[in-house]
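Just one chain follows, in the form predicted on its own, and it is written as structure tokens.
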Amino acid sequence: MSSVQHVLGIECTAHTFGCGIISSEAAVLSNIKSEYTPKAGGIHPREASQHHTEFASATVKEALQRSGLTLSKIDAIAFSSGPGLGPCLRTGATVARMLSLLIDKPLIPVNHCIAHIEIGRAITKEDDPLVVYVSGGNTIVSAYSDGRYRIFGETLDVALGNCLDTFARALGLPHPGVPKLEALANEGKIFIPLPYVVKGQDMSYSGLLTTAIRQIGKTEPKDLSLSLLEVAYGMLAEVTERALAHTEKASVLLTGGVARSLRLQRILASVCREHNARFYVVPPDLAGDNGAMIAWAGYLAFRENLSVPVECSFIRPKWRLDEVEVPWRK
């Protein structure tokens, strides 16, 4: 067998069905995705899972074709086991089980949050950063210590990405909402006071979101967008700064779908300058949910022999980041 190993990863936690193939040298050989976009409102789990079922086969085939590999050259199959939406997770797990049985290769459950962190570490080559992970479903500030990623701050309710997406929809902005919301905010001039809620090291976005939505029609949308973003990002920056001071890490890594926000990048880069810390951002094509990050986290687990039999490949919709052992970092 070649010294270079290849892992195929299936991402299926929410709106994206992704398939990525990565080598043991952290080379992304392919990273194909199909995204479910609801006609109205947020993600409908059952409809999203139906979308994933419909597009799974074509997505996997294209990922293999782009990589130049056949299934027989894949050494392990990884899948996002959680956290995420149950119907979506079940679809991805079913596809992964089928592929594992088909080629008789190890099956590896991956924590979605771990995958976002590890792909960032691999691509930026930053070994031990404070991690700011922001997406539609998660807002977590964490750092590695004693075998696990420890959480130094998280949302108590609504995730940052969900908050911004919901507000963008309320304004009538088309998907994806965050870039359009930020473009609107760039034209804002007046700051509107909105709820700023940081409790200890945790953030609460629900009151901010509710108040901002109630102001629609009463306040200029540009100013309201500016104010919402400044408060939302300011809360995250405060928690990040305190975590950076506490952990004394030499760098900060921004990862997850909201990491593509240039406005948030500027704010966190400023925090890092104040503390003489290096600042890194995961590349845009690896920021959102994708199969390549699942494949890489799967490889790290594969290297530690952390595969499971098909009959034990359960999904874990509420699988927390700090519940996961990460022996590859010992």
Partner chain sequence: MAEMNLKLIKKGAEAELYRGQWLGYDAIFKRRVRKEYRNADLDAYIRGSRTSLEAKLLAQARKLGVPTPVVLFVDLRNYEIIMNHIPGISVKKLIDTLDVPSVKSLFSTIGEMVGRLHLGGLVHGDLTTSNILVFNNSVFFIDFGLGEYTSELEARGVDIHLMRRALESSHHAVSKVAYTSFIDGYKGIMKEMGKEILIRVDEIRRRGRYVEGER
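On a predicted model such as this, the values are computed, not experimentally measured, just so you know. Positions refer to the first chain, counted from 1.
Heads up, the form predicted in complex with its partner chain isn't pictured, but that's what we're talking about next.
The listed set Asp202, Asp128, Asp75, Glu220 contains one residue whose heavy atoms approach its partner chain in the predicted complex to within 4.5 Å, identified as Asp202. Put simply, of Arg97, Arg242, Lys180, Arg169 only one has a heavy atom within 4.5 Å of its partner chain in the predicted complex, and it is Arg242. Using a 4.5 Å cut-off to its partner chain in the predicted complex, not one of Thr53, Ser57 and Arg66 places a heavy atom inside that distance. Contact check for Leu156: a non-hydrogen atom falls within 4.5 Å of its partner chain in the predicted complex. Taking the partner from elsewhere, Ser142 is found to have every heavy atom lying beyond 4.5 Å of its partner chain in the predicted complex. Among residues of the shown chain, Thr70 is not one whose heavy atoms approach its partner chain to within 4.5 Å in the predicted complex.
In the predicted complex, at least one heavy atom of His246 sits within 4.5 Å of its partner chain.
Only one segment in the set 204 to 212, 254 to 262, 172 to 180, 189 to 197 has any non-hydrogen atom within 4.5 angstroms of its partner chain in the predicted complex, and it is 189 to 197. If you take 130 to 151 and check each residue for a heavy atom within 4.5 Å of its partner chain in the predicted complex, you get Gly137, Asn138, Ser145, Asp146, Arg150, Ile151, in sequence order.
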